[in-house]
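Presented below, as structure tokens, is a lone chain in the form predicted alone.
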Amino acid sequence: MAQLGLIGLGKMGFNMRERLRAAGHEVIGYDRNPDLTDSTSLEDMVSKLDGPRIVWIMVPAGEPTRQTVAELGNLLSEGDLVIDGGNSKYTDDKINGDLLAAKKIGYLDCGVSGGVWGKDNGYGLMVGGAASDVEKAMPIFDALRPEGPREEGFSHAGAVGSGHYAKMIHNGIEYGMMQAFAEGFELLEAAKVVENVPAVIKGWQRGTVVRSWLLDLLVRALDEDPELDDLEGYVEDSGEGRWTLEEAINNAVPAPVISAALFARFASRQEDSAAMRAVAALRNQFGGHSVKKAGS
């Protein structure tokens, strides 16, 4: 049995705590929500852990994570280990790792995939850091990953930063896959040749080359709302898609699918696109094409 301090008990952190406990591990969580937390403060959580301690962070990326790492640096001891399992940008990991290394505290960055389904299905894990630190935390990783061969749900990607880098690219790929399914759904709906669009998409779940978990989730959504009329077509992005494109530019790697998927999300947030108004105006100017006046 391993012992773990877990900071952040939101949708992901809460389910991770439950999966770890079901595997027989002791988890002492900390969250600002008094209904969820097992401790009253970070200091209280650390005091309940036996050394050498392992503490896993699941808080929003950026300043909240950096601040949490800094606080832990003042609370933990030499030989302890911190794991950032949030969606931090990989460049933050060197800063966090160096801060803790100065106090002889280990640091791992862990990209985590699985969403709200991870509690039952397990989480895909991509880890960056020293092999010795990875080995310390392996009982935790083994409990969180899906059942089956370790190498099919867990990877030690390399040095500090590589885990979050791998997760960033994973999410960029996810953007493109989701956009392809979305465009296919829209085309099937628009053409009116297919009479039962949900049935066709459900029929892709077995035997076809596009079968996947994302397809299964689309089928589930269509079972609940066959034309997706209950949803507004407004889609946020959490950052990884943008960071993936930055890396594509920095490395001169063409990434047209991921870039198109990200820009499609931007387009979804525009009720009245200035760019498309400009396109309409240009078509009218050079070709005399009809335009739709505002408010008509």
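Heads up, when I say rigid core I mean the largest set of C-alphas that superpose within 1.5 Å between the two forms. All residue numbers are counted from 1 along the displayed sequence. Remember, predicted model here, so these are calculated numbers, not experimental data.
Although it is not shown, the form predicted in complex with a further copy of the same chain is what the next lines describe.
Scanning Ala199, Ile95, Ala101, Leu75 against a further copy of the same chain in the model of the complex with a 4.5 Å heavy atom cut-off leaves one residue, Ala199.
When contacts are judged by a 4.5 Å heavy atom cut-off, Ser132 does not count as touching a further copy of the same chain in the model of the complex.
In the model of the complex, Val59 stays away from a further copy of the same chain, with no heavy atom inside 4.5 Å. The closest heavy atom approach of Glu246 to a further copy of the same chain in the model of the complex falls within 4.5 Å. In the model of the complex, none of the heavy atoms of Arg21 sits within 4.5 Å of a heavy atom of a further copy of the same chain. The chain is drawn here without a further copy of the same chain; in the model of the complex, the stretch among 65-73, 31-39, 253-261, 45-53 whose residues come within 4.5 Å of it by any heavy atom is 253-261.
Residues from 174-191 that approach a further copy of the same chain in the model of the complex with a non-hydrogen atom closer than or equal to 4.5 Å are Glu174, Gly176, Met177, Met178, Gln179, Ala180, Phe181, Ala182, Glu183, Gly184, Phe185, Glu186, Leu187, Leu188, Ala190, Ala191, in the order they occur in the chain. When the rigid core is held fixed, the Cα atom of Ala23 travels less than 2 angstroms between this form and the one not shown.
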